[in-house]
Each structure stands twice: as structure tokens, then as C-alpha cells.
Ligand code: MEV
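Next up: a single chain in C-alpha cells, the form predicted alone.
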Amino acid sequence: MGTGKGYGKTILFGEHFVVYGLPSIVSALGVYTTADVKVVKGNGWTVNDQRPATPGYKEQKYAEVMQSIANIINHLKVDIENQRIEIYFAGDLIAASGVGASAAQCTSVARALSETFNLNLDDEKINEAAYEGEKAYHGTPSGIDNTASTFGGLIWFVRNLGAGKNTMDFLQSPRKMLIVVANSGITASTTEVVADVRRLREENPEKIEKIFGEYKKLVEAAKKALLEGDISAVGNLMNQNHKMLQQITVSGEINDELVEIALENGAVGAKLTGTGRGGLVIGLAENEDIQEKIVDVIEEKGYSAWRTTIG
């Protein structure tokens, strides 16, 4: 029997801008998915998925989960003809759109298989296996989610728009920062939202290029603030980033409502994270009391929220 875990992730800066080769900053979350693998008589493999999740999420993703596991088993050349593998998923990462739930699942099962079959895979090899699993969800994934899930910490990511490799540099912040993740309960189509931004850029090139230029300065300032552990500056830049996301039409009313709730209850910064038009919002808190207050108020408003850390 073997066990493994994979961290969730959040995009701190740069969703949608990253599509156009601009930098983004991603952080692993202090919550994770676990996988336990047991070998029994028989052949093939089974899954018992006990992850906490947004209602309907696991049902919607079932086929992709199964294909991702098949990809990883094939990549690692695990024999399922002469033995049966039972996989049990759990953990405290709530499976939802925008938190890297698929990458966490892939990373956890890769680690569990490595331990079960004494493959002795280092983190690089685990990351490669998780990437193969991610293909079941994203076709040609960027690699950022599985990298954050495998290694943890903060990552500076720049998508290569040509044929070369993407840039992924690890950043080291001197402090862990407390955040609240608020779930709108709405799952938007990433493909549709990305297409809308592209259309907006084609129709208003000067306006969008100006926003892109402002964002490029912002993300460089965010990198500096994170490296210095300057929570006030990070929060202010998150607020600015959210306004830019509003300008490119990816923030929905529910995102703006959750951002306002977080800010009105003590968050130093708040923004949507991920696709937008629903999905998730993150709020940055200076201390645990403020973090607790934000969660309480969001839940009073009928949304779900949880506490975690970044950095």
C-alpha cells in the first residue's frame, strides 16, 4: 500500500493575461488531495473518490478522472493485468473549478503509485507523471497546475507563445500569507470566456493593449512585494488586478459581490481567481481573526468558503 498527496493552487495574478504571453504568479495552497493505493487480487483498477467537492463537480469530471488515472498508470508502466489496484481519494482540498483539483488528484495518485510499487520517483518524475494525467482534463496543459501541485510554493509563469518551453521560476516569500477562498458555486466555461476576451481585443486593440501594458507593470510589482513579504502591497495589487479583470469583462456580478464582502470585512486585497464569471474569489487577510470573520460573513450570505495559506 502507498499514499501520496498533491497541493491545490490559486492564481494570484494574471489569469487571462497569461494567454497572451504575459507573466502570471501562481501559488500552491496549504490544502491538498490525498490518494491511497492498495493492491489486491484480480486485474484492472477501481476508484473510491471521497474528496470534498462543489456539488456536481465529481460527477461532471468522472470520465476525465478515470482517463487521467489510466494515463498515469500507462506512463508509469504499472502492471494491471496480473493485479488489481484500488485507489481511494480524500484530503482537505475542496474539488472545484479554479483550485487545481485535477492536478492535485494526478499528483497524489502518481506519488501513491510510486510508493506502492517502489518506483522511487523524485519530484521531477512525479511532475512528469502528473502532467500526463492532466492531459485528460486539458488536452495540452500548460504544466503550471501540476508543477504547483508537486513542488508547492510560489511560481512565476510565462507562457511561451512559440515552440519553446514555458518559463517557470520558483519564488521564495519570507512569510506565509492567509487567504480565504470563496466559492460562487457557478462553473463557467473557460473556453467561452477566453474567446470573449480574444474578441474584445480584436474589437478594441488599443484599449486592451493599454490594459496589458498596465498589467505587465503590476505583475512585476507583485513579484517584488511577494519576495519582500509585503502583505499590504500584495493586497493593493490584487485589488488593481481585479479591476483590470473587470475591464476585460471576465468578472461577473457574483465575483464582484464576493470581492466586496471580503474587502468590507477586513481583507487587504481580493480578486477573482481562475476563469471568472463565477468560480472562485480569493481574499488576503492580515491575521487569523480577520480570515475567520471573512469566512463567517461569506457563509452567512449563502456561499461556501474556506481558509488556507499561500507562499
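Numbering starts at 1 and follows the sequence shown. If you're wondering where the values come from, they're calculated on a predicted model, not measured in any experiment. Under this definition, the rigid core comprises the largest set of C-alpha atoms superposing within 1.5 Å between the forms.
Unshown form predicted in complex with this ligand; subsequent notes refer to it.
Only one of Lys125, His138, His75, Arg201 lies close to this ligand in the predicted complex, with a heavy atom inside 4.5 Å, and it is His138. This chain is displayed alone, yet in the predicted complex one of Asn183, Ser173, Asn239, Thr190 has a heavy atom within 4.5 Å of this ligand; that residue is Thr190. Only one segment in the set 31-39, 268-276, 54-62, 254-262 has residues whose heavy atoms sit within 4.5 Å of this ligand in the predicted complex; it is 268-276. Looking at Val18, you'd find a heavy atom of it within 4.5 angstroms of this ligand in the predicted complex. This ligand in the predicted complex comes within 4.5 Å of a heavy atom belonging to Ser142. By the criterion of a heavy atom within 4.5 Å, Ala195 is excluded from the residues contacting this ligand in the predicted complex.
Contact annotation for Ile294: none of its heavy atoms lies within 4.5 Å of this ligand in the predicted complex.
The Cα shift for Ile144 between this form and the one not shown, taken after rigid core superposition, is 2 angstroms or larger.
Core-superposed comparison between this form and the one not shown: CA of Ala182 displaced by less than 2 Å. When two forms of a protein are overlaid on their rigid core, residues whose CA moves 2 Å or more are considered shifted, and Arg201 is not one of them between this form and the one not shown.
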